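Next up is one chain by itself, shown in structure tokens, the form predicted alone.
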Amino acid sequence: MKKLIETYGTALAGLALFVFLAIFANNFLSTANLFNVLKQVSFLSILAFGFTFALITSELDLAFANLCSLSAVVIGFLISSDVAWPVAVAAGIATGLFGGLLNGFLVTVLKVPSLISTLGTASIANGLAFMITGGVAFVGRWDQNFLYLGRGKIGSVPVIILFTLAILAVVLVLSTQTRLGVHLQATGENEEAARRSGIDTRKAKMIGLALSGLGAGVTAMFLVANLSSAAPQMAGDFMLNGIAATLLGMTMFTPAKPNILGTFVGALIIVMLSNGLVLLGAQYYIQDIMLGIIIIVSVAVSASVLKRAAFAL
């Protein structure tokens, strides 16, 4: 029973939350609301997947939300400048990936702790986003084929949900069923032992942080397509939520270890809780209080992992 609770307790609590909201929150089970919840989970989980990969290698990426905003601004700027949307999307995703690689270079080559290096790149990304936009969002009637990525539906199902499920399957297999995934996990659990066994731990950390940047770029594409706009801080609200989803995920399935499936369920719980509080008429600040409690409790379970990720040299 103890093992069952440690492994699945948080997921079962999420199920209990769903049942509670289904009973007491008006319209929670409506089709429109459930699809809205899943859309918000899609944006959050894709962004959090990247953060999870960085944390798997025992590195802390605090720049992913800012890189997402910068990538979105790049996409919006290029589309507003009449650049073909596939080129703009490629440039935006490349921006996120480059930011992740820069973080990897700072951590693995210059030996700057990830807590410090990613805070620095976050500030740079934020400044560049404001420089490109001048503080004003890019808004326009953009190509419908591009907007379909964020707004389109197949039947009644938003395509963003289907994209997210496909991405979930890919990153889940990558993290658990491939040689690369094993190397990433081994590096995060014991870098010295991994190095002695022949794993290129510097490369693993570089890839983990690069995947975090890539997740930011991909999320930016969907955000811009959904909102038909790009602003310099459009992903700012995802910062704490993304971290909370990952930390909450570390309390289930493989306790005290970052894992993709846990991150997805964590994102689902956080979005569901936020949505339910709104439907129940709770004050807006209650969401922040609950988010803070989730982060504190999750960190209490995974403190050693986070300490190593934040301050390792």
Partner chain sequence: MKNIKYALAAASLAGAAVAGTQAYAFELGVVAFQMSAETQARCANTVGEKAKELGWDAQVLNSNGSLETHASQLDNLIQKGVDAMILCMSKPVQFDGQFQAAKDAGIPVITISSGASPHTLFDVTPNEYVMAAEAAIYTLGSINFEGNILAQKFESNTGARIRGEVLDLVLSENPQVKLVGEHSMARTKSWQDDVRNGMSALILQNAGNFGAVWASFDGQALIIDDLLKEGGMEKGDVALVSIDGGQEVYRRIKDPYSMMTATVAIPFEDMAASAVEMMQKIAVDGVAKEDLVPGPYLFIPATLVDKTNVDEFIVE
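Positions refer to the first chain, counted from 1. Computed from a predicted model, the values in this text were never measured in an experiment.
What comes next is about the form predicted together with the partner chain, which does not appear here.
Student: Name the stretch: of 97-105, 83-91, 111-119, 232-240, exactly one has residues whose heavy atoms fall within 4.5 Å of the partner chain in the predicted complex.
Tutor: Every other range fails; the passing one is 232-240.
Student: May I ask you to check whether residue 63 falls inside a 4.5 Å heavy atom distance of the partner chain in the predicted complex?
Tutor: Residue 63 lies outside the contact set for the partner chain.
Student: Would residue 251 show up as a contact with the partner chain in the predicted complex if we use heavy atoms at 4.5 Å?
Tutor: Within the cut-off, so yes.
Student: Taking the partner chain as it sits in the predicted complex, is residue 134 in contact with it (heavy atom to heavy atom, 4.5 Å or less)?
Tutor: Close contact exists here: in the predicted complex, residue 134 approaches the partner chain to within 4.5 Å, heavy atoms only.
Student: Would residue 165 show up as a contact with the partner chain in the predicted complex if we use heavy atoms at 4.5 Å?
Tutor: Looking in the predicted complex, residue contacts with the partner chain do not include residue 165, since no heavy atom lies within 4.5 Å.
Student: Taking the partner chain in the predicted complex, which residues of 255-273 have any heavy atom within 4.5 Å of it?
Tutor: Only 273 sits within 4.5 Å of the partner.
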